[in-house]
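Take a look at this single chain in structure tokens; it is the form predicted on its own.
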């Protein structure tokens, strides 16, 4: 059989790459058509409102210096520092509680395990206002803690309307979000790494410090950043408990509604957004994506 006949008998295979000018002409148009809806939504609901907010912040009597004023004004600066301290404390406590509880729930199964996990994640269904109301029922003037302390000591312990009450509400609000992330990461840990560390004589604390926590580092950093950002911008709980609470969301609300200082409220909003964005950006760059998974 000749070479020409052999070539004719073989099944036809398309060329690996289209010829120049044959298949690539419509590709940019197709990509533009696919990206157009997402670009329109991004511009309409994120980019344009953000630009407008920035311009409003600079539209007052002080102009662009209003952004500097937000950092110099004693009241605004105190509110910012209080919010940063509160958010950092909530993040640390939430990570500690959620890590211990999440590891325990992943490693131990017992009757009622599923119910306990469901109860721990139950606060996800509550808005901030409801959580603030629950804090009042717990530590308010007619709360459970006040009733117990009055019976034991003769005086009521009331802290719902202070930073301590807000701290309690934020921790309660944040634990479900963090514990779910920790549990998902803990389920992927390779138990052989822990067994190897124990076989080399590592104590339980050394196994936790040298094996478990480094493996959970990406999840902990990501969850901690989300917890910090949520605590920085949460408003409902603070609004419900706002008696002696000076946090940035309440300051923005006061400037906008009571003082009618829209420029200051916008400038503070941009500042709040920049801080939370920076926290999330640092977390993404530091966390990485590697988790010691079972193979």
Partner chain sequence: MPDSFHLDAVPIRLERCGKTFAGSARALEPLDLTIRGGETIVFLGPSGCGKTTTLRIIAGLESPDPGGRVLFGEEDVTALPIERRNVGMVFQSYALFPNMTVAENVAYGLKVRKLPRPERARRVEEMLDLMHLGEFAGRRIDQLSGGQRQRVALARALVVRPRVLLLDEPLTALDAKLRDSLRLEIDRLLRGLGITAVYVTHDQGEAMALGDRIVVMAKGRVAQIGTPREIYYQPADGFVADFIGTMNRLGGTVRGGMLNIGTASLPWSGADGAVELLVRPEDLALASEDDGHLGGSVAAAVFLGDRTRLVVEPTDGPALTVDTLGRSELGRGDRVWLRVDPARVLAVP
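Positions refer to the first chain, counted from 1. In this text, all values refer to a predicted model and were calculated from it rather than measured experimentally.
Below, we refer to the form predicted together with its partner chain, which is not included among the displayed structures.
None of 93, 138, 193, 163 but one reaches within 4.5 angstroms of its partner chain in the model of the complex through a heavy atom, and that residue is 193. Checked against its partner chain in the model of the complex, the residues 72, 125, 151, 200 give one hit for a heavy atom within 4.5 Å, which is 200. The partner is not drawn, yet in the model of the complex one stretch among 143 to 151, 202 to 210, 96 to 104, 180 to 188 has residues with heavy atoms inside 4.5 Å of its partner chain: 202 to 210. With a 4.5 Å cutoff on heavy atoms, residue 214 counts as touching its partner chain in the model of the complex.
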